[in-house]
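This document opens with one chain alone, in structure tokens, the form predicted alone.
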Amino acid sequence: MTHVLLTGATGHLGSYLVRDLLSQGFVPAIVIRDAQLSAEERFRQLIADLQLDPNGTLPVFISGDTALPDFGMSPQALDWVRHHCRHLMHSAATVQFNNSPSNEIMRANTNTARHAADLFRSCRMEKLVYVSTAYVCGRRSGTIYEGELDLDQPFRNDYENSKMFAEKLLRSSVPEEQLIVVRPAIIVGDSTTGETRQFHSIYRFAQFTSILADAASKDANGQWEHNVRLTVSADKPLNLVAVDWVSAATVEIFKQFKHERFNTFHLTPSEPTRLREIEAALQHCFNYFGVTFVGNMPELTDRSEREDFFYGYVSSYLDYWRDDPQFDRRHADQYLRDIHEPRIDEEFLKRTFRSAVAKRFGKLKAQRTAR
């Protein structure tokens, strides 16, 4: 069987990549570092979460750290990788939208990309799959094409900037016929269950609403008033994609890839979500009224105290609501004809918000892990 060295397996997307690689006949060799739990305990927890058959093919566990050269693997593990792993799939990343004066995010994401490229070359592997982001385009507007990268664009945050530099580093280090770059849009929960393991983007808006709902005075029908004006258009598109689709698409492209003058693929929605759908799902889940769309404007000059609270709480994500571009995906479409693409609509959003509330926006899992 073909082994694929995989980073980021304990993350939101990475756990799906483990499952999908196994289903397609590949054996993931997953690099896991020590954290609150030991690397081996995190591996066992991942296997349990994925409900893998203990009598079937299981991933290979490798203790390591992508922040270190050779991913921090022992000499014995490194020798095993050299002899068994034909491909590398690098999905590990630091995903933080707050800018750091110490350039910590930039260093983390470019260093892990550098270590991935070095390891790929030294082990003489065949394909390197890099999970980037569609938002390497930064603040550009209009249609964004898959072949574009560094056009001196400004960025919303250090995360976008770091992923652009990591892509540049890999492109300068790995032959283009061996490098596959996938660029997902904003990844949300599972298309069937709505479950998610990360609580960024739209989940910040749901978390804010949940906090207010818990404290609000409600009428006889359990409704409460939520007077916030949104400085965007209700029909504004937002590029949301389901985590299971992104994983299935990544593995399908990896499996089929033949270099034909392009190696970069936008994993973006063919039909984006509209902001009115997100708002309708929030209203349904949290039983409120009073939010209004006031159209595109830079800022409210007469914000209420609640609006100050709202805009402060979700400030890192507002730029995406106000100015999400259109992504061309003609390269990706050539590989994804047989992969069903679920649309992120109001019904999905209801499911994923309910799931996030049930998990207390990640706090429940964190408490269980700590125990």
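All values reported here derive from a predicted model rather than from experimental measurement. Quick note: we count residues from 1 along the sequence shown, nothing fancier.
Not on display, but discussed next: the form predicted together with a small molecule.
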Report task. Heavy atom within 4.5 Å of the small molecule in the predicted complex: which of A356, A9, L349, L21 fits that? Just give me the one. Result -> A9
Query - Position in contact with the small molecule when the complex is considered in the predicted complex, options R322, R329, R343, R42, heavy atoms within 4.5 Å - result: R42
Requested in this report: Spot the stretch among 276 to 284, 252 to 260, 144 to 152, 128 to 136 with residues whose non-hydrogen atoms come within 4.5 Å of the small molecule in the predicted complex.
Outcome: 128 to 136
Report task. Would you check whether the small molecule, in the predicted complex, lies within 4.5 angstroms of a non-hydrogen atom from each of L13, Y159 and A185? Result -> yes
Query raised in the report: Can H266 be called a contact residue for the small molecule in the predicted complex at 4.5 Å between heavy atoms?
Result: no
Query raised in the report: Taking the shortest heavy atom distance, is L300 within 4.5 Å of the small molecule in the predicted complex?
Result: no
Query raised in the report: in the predicted complex, does T66 have a heavy atom within 4.5 Å of the small molecule?
Result: yes
Query raised in the report: At the 4.5 Å heavy atom threshold, is V294 in contact with the small molecule in the predicted complex?
Result: no
